[in-house]
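The chain below stands alone and is given in structure tokens; this is the form predicted on its own.
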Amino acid sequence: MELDSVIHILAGSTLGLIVRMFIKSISGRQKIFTSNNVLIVNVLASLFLGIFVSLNITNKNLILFFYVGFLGCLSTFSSFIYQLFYLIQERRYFKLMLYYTEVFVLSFSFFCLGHFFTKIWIR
């Protein structure tokens, strides 16, 4: 991998981490991400992804910065999986199914909103 590619990924991931920690700090001072924090950052990342996909960007460095760096660090798939595991351990199966459905439905919905509103806006 080229050095400029690494720099773009590092810059994007740094910005993604800052935004994720900001969201964590304004939604409560928990030591780990709660299900609400994970939902917020995943929905926000999905909205940004929908906007970015609709713009049809082909610049390699911008793709590395935003897709790989920023969105890769902003979204919290591992925290999402941890929350699912925690709910299984606690035998909270209804909450597990509700949370799982909530994350996927809202994330997909916000991706579509970002995509369609951007398509309408850039016409």
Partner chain sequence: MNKKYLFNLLLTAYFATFLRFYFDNNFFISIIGSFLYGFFVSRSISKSKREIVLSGFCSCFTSFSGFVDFLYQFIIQGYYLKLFLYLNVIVILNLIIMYIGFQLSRKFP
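Numbering follows the first chain given and starts at 1. All values reported here derive from a predicted model rather than from experimental measurement.
We do not show the form predicted in complex with its partner chain, though everything after this point is about it.
Asker: For residue 89, is any heavy atom within 4.5 Å of its partner chain in the predicted complex, or not?
Answerer: Close contact exists here: in the predicted complex, residue 89 approaches its partner chain to within 4.5 Å, heavy atoms only.
Asker: Answer yes if any heavy atom of residue 85 is within 4.5 Å of a heavy atom of its partner chain in the predicted complex; otherwise answer no.
Answerer: Answer yes; at least one heavy atom of residue 85 falls within 4.5 Å of its partner chain in the predicted complex.
Asker: Taking heavy atoms only, is residue 113 within 4.5 angstroms of its partner chain in the predicted complex?
Answerer: The answer is no: residue 113 has no heavy atom within 4.5 Å of its partner chain.
Asker: Taking heavy atoms only, is residue 93 within 4.5 angstroms of its partner chain in the predicted complex?
Answerer: Close contact is absent here: in the predicted complex, residue 93 is far from its partner chain, nothing within 4.5 Å, heavy atoms only.
Asker: For the heavy atom contacts within 4.5 Å of its partner chain in the predicted complex, list the residues of 96-120 involved, in sequence order.
Answerer: Heavy-atom contacts to its partner chain in the predicted complex: 100, 103, 104, 107, 108, 111, 115.
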